[in-house]
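Next comes just one chain, in structure tokens: the form predicted alone.
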């Protein structure tokens, strides 16, 4: 227990970096996933195929491979970013494919008559999607989106491999320095991840209750 207390600033700094990865990647993935969902339900065949191709590639590619491509590929083409930024790019690209599919399922659950009514009063596809369909879709898929964010929380640990000093990196560092306190360190870091997961689950539960969709 003393090793956790003595190294608490180090552990907190690791979790602060984990939270930054989670928040920034989550926002970017949600925005990109929303765009991809719009493409997948678009009446334009080219956009449909492009969205489908993106989702197929990233959902079937291991996240570690995505990291390797981004971390090594960007410098190769002259784009020099920090490992933190490259980790955000990797996590966002990967997670956005799952956000897209969750949102698409929410869009498909909405009665087609609503979109038809929007077109009948002169709304374009983009307007009906933005003003009528997406707000309802987001309300309908709060639990799946929360699950995706929880998975993203765990996936941030892969950034450790590439030198990002997040929580898992700090765990490895402390285990090397204090091997006899292995189980205390594991328990402490696991507890930190559990807090983040409980906050996401609790926030999702609150939103779900407030945004209950009446069908």
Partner chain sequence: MRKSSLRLLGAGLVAALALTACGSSGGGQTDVKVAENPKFPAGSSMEKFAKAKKIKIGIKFDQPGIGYKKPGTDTPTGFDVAMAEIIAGGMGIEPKNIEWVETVSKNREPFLQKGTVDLVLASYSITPERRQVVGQAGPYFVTGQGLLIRKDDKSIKSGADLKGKKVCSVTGSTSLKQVEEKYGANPAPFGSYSECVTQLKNKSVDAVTTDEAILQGYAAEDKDLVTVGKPFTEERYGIGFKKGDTGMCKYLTDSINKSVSDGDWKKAFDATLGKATDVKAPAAPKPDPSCQ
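Positions refer to the first chain, counted from 1. These figures come from a predicted structure and were not determined experimentally.
Keep in mind that the form predicted in complex with the partner chain is missing from the display, and what follows is about it.
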Do residue 112 and the partner chain share at least one heavy atom pair within 4.5 Å in the model of the complex? no
Considering non-hydrogen atoms and a 4.5 Å limit, does the partner chain approach residue 62 in the model of the complex? no
Do residue 46 and the partner chain come within 4.5 Å of each other in the model of the complex, heavy atoms counted? no
Is there any non-hydrogen atom of residue 75 lying within 4.5 Å of the partner chain in the model of the complex? yes
Picking from 85, 71, 118, 134, the single residue whose non-hydrogen atoms come within 4.5 angstroms of the partner chain in the model of the complex is 71
Stretch in contact in the model of the complex with the partner chain, which is absent here, among 38-46, 186-194, 24-32, 170-178 (heavy atoms within 4.5 Å): 170-178
Interface residues of 144-164 toward the partner chain, as seen in the model of the complex [heavy atoms, 4.5 Å]: 160, 161, 162, 163, 164
